[in-house]
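The data below hold one chain only, encoded as structure tokens and taken in the form predicted alone.
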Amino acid sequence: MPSDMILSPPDAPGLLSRAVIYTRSRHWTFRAGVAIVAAMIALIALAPWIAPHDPGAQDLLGRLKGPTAVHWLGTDHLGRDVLSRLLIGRQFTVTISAVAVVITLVIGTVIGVMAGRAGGLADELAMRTVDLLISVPDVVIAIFLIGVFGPGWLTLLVALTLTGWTPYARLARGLTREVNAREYIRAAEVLGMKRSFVMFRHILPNCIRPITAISFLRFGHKLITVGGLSYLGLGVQPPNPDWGLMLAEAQPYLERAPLLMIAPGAVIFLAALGVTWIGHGMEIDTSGTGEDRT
């Protein structure tokens, strides 16, 4: 039998999985999630040009005003334009969350795949480390680090990264062990293929789709975490605009100007909802059967 026939993964996701993805892409929640995320990316890219006012410009005589033709969402307690601060604040919140997700995805996937391939003591040590870190909420670690090193976006990013890689490592390790048991992996090893070739040719392609799906779900979680820490005054610091910080600043004026809290709360909710819907739409069974993992 030709070697290329031996090495071809017969049970890898194929036409059936692609049909499932196509079917899911037609679901209204998936389409709505894509639309929300696409709009979010467009607003981030165009924010410096479409923001109607300087987000830091103060007008104390026009503070706490409702929506007008000049200030579509009104002004805050310092007379700053709420819409402009929402558009620019999107850059801080989303960028920190996205960078944290990318870093943790790479770290977790590498550790998980290496542990799954190595097995034995290395696998056991990696998984026990994951169990230890996953038992501590990332918010607790973030509060501890911010208390030691002070608030700021860099401290926040480090805090989100320290434990954020654990779900990816656990998933990648499980998928790697599953793929390791397949016949084409054994055939590749018998034929003397390099471990790096087997990893990049057969193992990682089987991990990409489930890990990508969970990354969207984790991105929504990061958005809420960043917003919550900024709301507590432990994230992005003033005068930088940030959604969570805007919530904290608007709280004393809830009865007088409720839109100050409704607007940033709504955009945090919509952003998290959009990426979560995409993640659920992409999450399919890794065995290629097309069953919903949820």
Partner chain sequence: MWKLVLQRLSILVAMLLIVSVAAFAVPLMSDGDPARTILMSRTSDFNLDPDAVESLRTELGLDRTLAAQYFGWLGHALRGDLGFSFATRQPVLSEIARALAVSLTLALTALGWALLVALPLGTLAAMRPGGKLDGATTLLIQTLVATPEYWFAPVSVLVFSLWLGVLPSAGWQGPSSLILPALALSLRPMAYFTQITRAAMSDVLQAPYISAARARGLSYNQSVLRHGLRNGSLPVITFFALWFAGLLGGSVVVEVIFAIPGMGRLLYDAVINNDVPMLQGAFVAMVGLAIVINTAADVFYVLINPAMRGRHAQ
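Residue numbers count along the first chain shown, from 1. Everything numeric here is computed off the predicted structure, so don't read it as measured data.
Separately, the form predicted in complex with the partner chain exists; it is not shown, and the next lines address it.
For this session: Please check if M246 has a heavy atom lying within 4.5 Å of any heavy atom of the partner chain in the predicted bound form.
Result: M246: no contact with the partner chain in the predicted bound form.
Exercise. Can L86 be called a contact residue for the partner chain in the predicted bound form at 4.5 Å between heavy atoms?
Worked result: Heavy-atom contact with the partner chain at 4.5 Å: absent for L86.
Exercise. Quick one: is D131 in contact with the partner chain in the predicted bound form, heavy atoms, 4.5 Å cut-off?
Worked result: Although the partner chain is absent here, D131 would touch it in the predicted bound form, with heavy atoms inside 4.5 Å.
For this session: Determine whether any heavy atom of V34 comes within 4.5 Å of a heavy atom of the partner chain in the predicted bound form, and answer yes or no.
Result: Looking in the predicted bound form, residue contacts with the partner chain do not include V34, since no heavy atom lies within 4.5 Å.
For this session: Answer yes or no: in the predicted bound form, does the partner chain come within 4.5 Å of a heavy atom in every one of Y231, M261 and A272?
Result: Yes, each of Y231, M261 and A272 comes within 4.5 Å of the partner chain in the predicted bound form.
For this session: Could you check which residue among A266, M40, V70, A47 gets a heavy atom within 4.5 Å of the partner chain in the predicted bound form?
Result: So the residue touching the partner chain in the predicted bound form, by this definition, is A266.
Exercise. Of the residues V179, V82, L223, C207, which one places a heavy atom within 4.5 Å of the partner chain in the predicted bound form?
Worked result: It is L223 that has a heavy atom within 4.5 Å of the partner.
Problem set entry | One stretch from 207 to 215, 123 to 131, 70 to 78, 99 to 107 that, in the predicted bound form, holds residues within 4.5 Å of the partner chain by heavy atom | Contact criterion met by 123 to 131 only.
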